[in-house]
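In structure tokens, one chain follows: the form predicted alone.
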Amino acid sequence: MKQIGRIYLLVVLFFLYTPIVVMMAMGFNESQLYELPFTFSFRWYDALLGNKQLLTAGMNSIIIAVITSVLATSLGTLAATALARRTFRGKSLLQLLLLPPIAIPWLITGTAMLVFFYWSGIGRGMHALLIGHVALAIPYVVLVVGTGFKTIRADLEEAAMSLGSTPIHAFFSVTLPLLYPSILGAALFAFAVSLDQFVISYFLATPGYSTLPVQIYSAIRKGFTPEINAISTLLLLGSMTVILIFARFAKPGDTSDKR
């Protein structure tokens, strides 16, 4: 039975990582048509340095993802704190309403945002992209931070306040240090959701302003080039580095200090 489990795990890992490994390898292949034998070359990375459209779109995606991560994490953490530590009318309904935005297909959400932004006068552009990305990322942040709250004993704050600490001081000195791995994880989640977002960006971007997923989609329609493999590899390595740093210092899942 254990042998079957190991084979199943290897098959899952094979289908999960093989396309990524092939994509990264082809970014270093001299041939534009992915011909074999493999000839190692930095040709497509040199070509990427001269592709202003792809670089600009990549920078736009990173800027929007960083701003989205900061805003969504701040707003989502405040909402999660209220839901975890306060009792008010409509709390259960509010918690329930956080789930549909995650389950609704992004195509429907994007269409609804396009219609609403046009009707309300918000329009399209970078500001509309930020609003859309933040709105999509907040439910994920609330869920991740809310889960973190469940691992922290509420009586720790009460103990601090019984010793003379104010509620705000007790939160920042007791709860927040214990909660920071969840907040950091939520920020990375929001960053990934924004960086990977295609539908909202496609609907709300104006002509001449593009994000990387939209630019890659446009490039594929004209003819796929290994430059896309090159920039995808760079973004993948950057994302993996951030995740490894988070796993090294935040120690997600370690609750030994919270009990």
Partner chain sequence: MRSDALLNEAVRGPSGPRKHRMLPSWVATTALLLPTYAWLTLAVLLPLLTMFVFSFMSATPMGKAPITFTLKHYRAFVDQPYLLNIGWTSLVIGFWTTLLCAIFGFLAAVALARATVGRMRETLLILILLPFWTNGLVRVFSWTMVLRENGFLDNVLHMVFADAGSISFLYTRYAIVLGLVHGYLPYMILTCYIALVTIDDAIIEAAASLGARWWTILFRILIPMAAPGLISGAVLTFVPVIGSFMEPRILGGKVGVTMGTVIEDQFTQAFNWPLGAALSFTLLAVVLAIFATFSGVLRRGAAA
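Numbering follows the first chain given and starts at 1. Worth saying up front: this structure is predicted, and the values here are computed from it rather than measured. Whichever C-alpha set is largest while still superposing within 1.5 Å between the two forms counts as the rigid core.
There is another form of this protein, the form predicted together with the partner chain, and it is not shown here; the text below is about that form.
Student: Mark Phe198 yes when one of its heavy atoms lies within 4.5 Å of a heavy atom of the partner chain in the predicted complex, and no otherwise.
Tutor: Taking the distances in the predicted complex, the answer for Phe198 is yes, it comes within 4.5 Å of the partner chain.
Student: Consider Gly76 of the chain shown here, and say whether it contacts the partner chain in the predicted complex, taking contact as heavy atoms within 4.5 Å.
Tutor: Yes, Gly76 sits close enough to the partner chain in the predicted complex that at least one of its heavy atoms falls within 4.5 Å.
Student: Is there a heavy atom of Phe116 no more than 4.5 Å from a heavy atom of the partner chain in the predicted complex?
Tutor: Within the cut-off, so yes.
Student: Residue-level question: is Gly125 within 4.5 Å of the partner chain in the predicted complex, judged on heavy atoms?
Tutor: Flag for Gly125 set to no.
Student: Candidate spot Lys52, Ile64 and Tyr180, all three in 4.5 Å heavy atom range of the partner chain in the predicted complex?
Tutor: Negative, none of the three is within 4.5 Å.
Student: Of the residues Val174, Leu188, Leu130, Ile152, which one places a heavy atom within 4.5 Å of the partner chain in the predicted complex?
Tutor: Looking at Val174, Leu188, Leu130, Ile152 one by one, just Leu130 meets the 4.5 Å heavy-atom criterion.
Student: With the partner chain taken in the predicted complex, which residues across 8 to 41 come within 4.5 angstroms through any non-hydrogen atom?
Tutor: Those in contact are Tyr8, Leu9, Val12, Leu13, Phe15, Leu16, Tyr17, Thr18, Pro19, Ile20, Val22, Met23, Met26, Leu33, Tyr34, Leu36.
Student: Comparing between this form and the one not shown on the rigid core, is the C-alpha shift at Ala57 2 Å or larger?
Tutor: The answer is no; the displacement is under 2 Å.
Student: Look at Phe28 and decide if its Cα position differs by 2 Å or more between this form and the one not shown after superposing on the rigid core.
Tutor: Comparing the forms between this form and the one not shown, which are aligned on their rigid core, Phe28 does shift its C-alpha by 2 Å or more.
Student: For Ile231, is the C-alpha shift between this form and the one not shown 2 Å or more after core superposition?
Tutor: Yes; Ile231 is a residue whose C-alpha shifts (by 2 Å or more) between this form and the one not shown when the cores are overlaid.
Student: Is the CA-CA spacing of Tyr17 and Pro181 tighter or wider in the predicted complex than here, given a 3 Å or more change?
Tutor: Here the pair is closer than in the predicted complex; there, farther apart.
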